[in-house]
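The form predicted alone is given below as one chain in structure tokens.
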Amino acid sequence: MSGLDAVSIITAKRDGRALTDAQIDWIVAGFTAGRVPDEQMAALLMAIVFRGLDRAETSRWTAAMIDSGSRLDFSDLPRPTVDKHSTGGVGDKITLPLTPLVAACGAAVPQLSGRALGHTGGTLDKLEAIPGWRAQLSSARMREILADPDVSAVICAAGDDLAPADKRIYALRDVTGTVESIPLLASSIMSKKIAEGTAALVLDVKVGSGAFLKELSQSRELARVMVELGADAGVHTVALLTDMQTPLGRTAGNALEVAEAVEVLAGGGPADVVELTLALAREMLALAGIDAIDPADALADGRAMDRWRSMIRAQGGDPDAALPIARHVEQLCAQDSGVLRRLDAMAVGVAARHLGAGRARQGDPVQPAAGIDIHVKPGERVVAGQPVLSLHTDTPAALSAACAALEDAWDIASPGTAVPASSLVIDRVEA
């Protein structure tokens, strides 16, 4: 068939032409199988960065990545399936309380999650702070847990056979300056989520300093494209645009965030974490057709906590085990009295990575106990000498880099200054 060679496909996109279904299928399959070399796929990815993909191309690109591996099917489960995906942020531990909460309300939640990279935290790294907990599950074990009426929720790593094309393409994008492309970002996220077999999906698309995309217009466009991809694949998808200018909650770091998530499941926890958990839970339950249950009740009466404990045990973890504690803690204190006007999410995320909570490169180790406690949030009063942040690490040599990252992380306004509260949920996008 004419045009089914790498050079023809590269030049077609370079010149602004739409790629055919056959061309997309051919090059994604060929690259995954090793028939198309890295340099040719890199050239195509750069052409896509500059020329883009239209809706039909993006949908086909996503389908080709799904078809490169296996697709899970949970349609025979007795409960409706629904999942959530976050584009990543600082202190974003929402998956931890959200997954058991939605399961406690009657859904099955097959949550495939990732690891920390750069300034953003990783759900799997957080849960691995719990002694015995395992991220790797076979498809058969995942199905068993989801079918168990006392659990019906799982948080685990994606298997190697789920959208393997995406793994190869993402690795190439990471080293060729081609990450920042809405169609490539959207297809990367949605190929894995669609392949995992959920019937419905809620997206949490972050906006602000600590988000991957800083501008509202970019985040709204990413949300729109992902919602369209879900619709094209038969997965009912809704997106919330949420604020990531300030870290979520009062912790950033693996064990610290697990402890905070447990506080939420116990009926407490920071107001912003509770608010976003409930907002996403209500969206997930609506998509699953479960309208009669208020997730706030399941938090208040202990059902969500019971489900958390069952979920942790099902993956080998001990929900009663003590979480690791860092050997070194250093406090950063306010120089002036007044009202905290700003706390930059990106700076906190970078500092947490320096402390050992995250990783600069795939495969780097993380420290379960490393991270940051946030004692003061924007809008709250602070007194000179009062701790604003506590830095936790097992490697005291990392403290200088973390402190440097936080040098301009916050501002204190004069006492009595009104700091306008920002809206946590900025917008909602659906097909």
Ligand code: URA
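Keep in mind the model is a prediction, meaning the values are calculated, not measured. Each residue number is its position in the shown sequence, starting from 1.
Keep in mind the form predicted in complex with this ligand is missing from the figure; the text below concerns it.
Contact annotation: T246 falls outside 4.5 Å of this ligand in the predicted complex, judged by heavy atom distances. Within 4.5 Å of some heavy atom of this ligand in the predicted complex lies at least one heavy atom of S188. Under a 4.5 angstroms non-hydrogen atom cutoff, this ligand in the predicted complex lacks F74 among its neighbouring residues. Residue contact check for K192: one or more of its heavy atoms lie within 4.5 Å of this ligand in the predicted complex. Stretch 167-175 is the answer when you ask which of 167-175, 309-317, 257-265, 129-137 has residues with heavy atoms within 4.5 Å of this ligand in the predicted complex. Although this ligand is not shown here, in the predicted complex the stretch 137-160 places no heavy atom of any residue within 4.5 Å of it.
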